[in-house]
Ligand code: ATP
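Take a look at this single chain, the form predicted on its own, given in structure tokens.
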Amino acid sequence: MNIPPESLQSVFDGAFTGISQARASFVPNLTPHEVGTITNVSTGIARVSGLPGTGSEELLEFPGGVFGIAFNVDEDEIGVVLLGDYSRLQSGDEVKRTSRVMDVAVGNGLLGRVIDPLGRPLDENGPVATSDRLPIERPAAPIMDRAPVAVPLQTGLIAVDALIPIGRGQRELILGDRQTGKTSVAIDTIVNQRDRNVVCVYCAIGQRASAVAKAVANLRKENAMDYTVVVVAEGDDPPGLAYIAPYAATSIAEYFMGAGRDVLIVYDDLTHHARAYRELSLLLRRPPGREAFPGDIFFIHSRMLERATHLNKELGGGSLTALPIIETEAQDISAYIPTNLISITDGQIYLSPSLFELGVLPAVDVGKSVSRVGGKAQWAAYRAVAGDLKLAYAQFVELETFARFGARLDEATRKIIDHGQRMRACLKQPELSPISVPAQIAVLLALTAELFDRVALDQMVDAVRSVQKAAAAIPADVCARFESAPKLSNDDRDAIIAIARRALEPFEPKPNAAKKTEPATREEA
């Protein structure tokens, strides 16, 4: 097909005119970027110059996808805490502003996942499916937005639920020397929240990879990962990740609390968090204080733990219960970081190494443990059966210490010691074996009714297990009243004691055995 030259020329002229008009009307959309330069890189930190508009705690982007938080904003340079692999960074590399603060992915897609503080998956289940994000640093709820702590958070540990009750919205510190079972208490509490509509967040800070793997394996074994988010900053991660880990985990927990749900968060442990912050502060040349910690070490923990609360009904009625863990040295609970956290929290659970060595697990020292919420967050059934238990146990511990000197004891003192030994046996509990509320009530009632006093000490484990199994026979209406009734009625008490008495009949001494032991008893007297 032949096209006349005149037609081609007109087409070319029209196209040229259109391009000229488009070029004349084009307004370039310029996006300014502030770019700085790395002047120095050291362990976990970098110093940057050339970013005068950077704000405090702003997120900065480094080459290779590494991010950092602006910590020190000085006149000439910025001290940045690095949040990734900084081995390839060097002086002269470009740094860009992001004009936003550090945030983390939140949402239901995190349930059952193991992530790092940046929201990146550490398991083998693919990318994290979330669309919402929250800043890791958020102000705590005002006082007028909070409601009283009145509903208990059952741990499944009879020693805690009966003697040191924890309420939903409370902050209860777990402290003790290394290898005394602190993490086990927290994991048992998470496992016990199954079928209780409580979301759990486990934050591992500076732990060994093997310890984290064991905790996750236990949670998977007990089917607890379905309602749990695990946030991990391992021991070989940069100190910046260890520093932001508990704040990121708290924001994840606050998302569920804002949706009206009850949430439990475990910080394991804040000793490593404080050490990571001390390392960063010393590298950034911040003035050191007591034990070389910076002056705001109290503030970094208090502003985080204050976010744990119980919201009022107008805001959904959700709650965030915090169980921070701290490690003591040589049983010194009056050290700097432990005393800071004791003053921030609403009580503490102290795990004694001496009890741990004796095989009393969980090794809860009742004398040094306290819950400042106390009976306000405990069901009436517990208050009825465990009201004097803590005092009686403390008296037993003192008398037992006195009896070790070989003193001659009267009959009343010997009876208190025998009863206390059975009390201690009732409070023993294997790991990952939560006890239901009816079973706990049955054991405590049998203990206060002195039904265990006729059982030999070497049979106490089987006797307690028998009472726990027999608790399944408690009528459903009686179990329902444990949570709703203002007090435990005498009829309910008698019915539970009768069930416990029948369960303990096989463990009571036979009449013939009693006659054989009677002469020896008289000689001792």
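From 1 onward, residues are counted along the sequence shown. Here the structure is a predicted model, which means the values were calculated and not measured.
Just so you know, the form predicted together with this ligand exists too; it's not on screen, but the next bit is about it.
When you look in the model of the complex, the only residue of Asp85, Glu431, Glu94, Asp132 with a non-hydrogen atom within 4.5 Å of this ligand is Glu431. Just one of Gly240, Pro246, Pro165, Pro362 comes within 4.5 Å of this ligand in the model of the complex, counting any heavy atom, and that one is Pro362. Here the chain stands alone, but in the model of the complex its contact with this ligand, taken as any heavy atom within 4.5 Å, falls in 183-191 among 301-309, 183-191, 109-117, 366-374.
Taking the partner from the other structure, this ligand in the model of the complex has a heavy atom within 4.5 Å of a heavy atom of Phe356. Interface residue remark: Arg178 is counted as part of the site for this ligand in the model of the complex, having a heavy atom within 4.5 Å. In the model of the complex, none of the heavy atoms of Arg138 sits within 4.5 Å of a heavy atom of this ligand. In the model of the complex, this ligand lies within 4.5 Å of some heavy atom of Glu327. Residues of 211-238 that come within 4.5 Å of this ligand in the model of the complex, judged by any heavy atom, reduce to Lys214 alone.
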